[in-house]
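Below you will find one chain, with nothing else, as structure tokens; this is the form predicted alone, and questions on how it binds or moves follow later.
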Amino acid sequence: MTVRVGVIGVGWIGQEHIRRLTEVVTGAEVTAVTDIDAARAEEAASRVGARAVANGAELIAADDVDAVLVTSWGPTHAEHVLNAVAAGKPVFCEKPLATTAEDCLRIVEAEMAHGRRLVQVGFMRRYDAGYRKMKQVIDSGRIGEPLIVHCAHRNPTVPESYTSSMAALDTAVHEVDVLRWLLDDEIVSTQVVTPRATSKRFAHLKDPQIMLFETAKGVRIDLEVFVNCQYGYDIQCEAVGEEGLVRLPDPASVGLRSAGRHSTEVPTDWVGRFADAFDTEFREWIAGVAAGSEPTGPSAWDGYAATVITSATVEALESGRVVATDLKPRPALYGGAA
């Protein structure tokens, strides 16, 4: 079966995913696209033999759309995801699922009323080979019970439009999701410490930030978010257990010996670092849609949890306090108590 996909939003990430669906993933066809910029939608559609439609509602209702990909502006996500659920169509939504906890819960409630999962959220870290190997090691018990996790998320630079709250909402959100998954545990509180600021930042920005999380099982997580580190895009993660530790491997890179030095390259952006993870993410999503099965990737509940936790982290940054996340009880549809 070829899965006919409609794409809502054809900015840079939308066009990247269209390329992925048409050139990398088998079993998928992009049949319809829409964007707030009609000319951009026409151009994107023409490149892959699709048609441009007027808006998201028309695209979701179309007979030649089996599944929906939402890559539009974040505040529009909830509307499109809710419409897809109402139509009974599988929907892949890039993060955030929604920009408020209330809208995330509306999606959760709509999906529960539908009776089965339709929504997958685009947290691609779960599809990275290194993180998947870490998950296998932790789940196997080879390091014993996890006690501490050390993480770093470093970008070489960010534009002036990047704000201090984006360190949680746009950057740390990936660690929030992947750590909940790695540990099979929930984050219950968050705190932010701001060390000496780098002189390389724009004046309005608090950078770096150290985010401190505690889980329901008592695991302590420290996450360094440093978005003007200058030297590259560097993602680090190390879980320390009672009997050992497991560390995320650096991306494969050849060793260079030259001019009296031995060196390896550091990625310069997230696109290259997680390209394989994006490809795997979409291969598995399309295969699941084709098989008629529920998505196995990050759920609407995971999208809700990420929004709540990152919003609490912004509150912690602004207040200087430890902030409880106050997540609702997890419903049975998402693995919670019946």
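Fair warning: this is a prediction, and the values are worked out from it, not measured in the lab. Residue numbers here begin at 1 and follow the sequence given.
Below, we turn to the form predicted together with a small molecule, even though it does not appear here.
Per the 4.5 Å heavy atom criterion, the small molecule in the model of the complex is contacted by stretch 170 to 178, the sole one of 241 to 249, 107 to 115, 190 to 198, 170 to 178. Proximity to the small molecule in the model of the complex, taken as a non-hydrogen atom within 4.5 angstroms, holds for one residue of Cys151, Met211, Ala78, Met124, which is Met124. Annotation: in the model of the complex, residues Lys95, Asn155 and Trp270 each come within 4.5 Å of the small molecule through at least one heavy atom.
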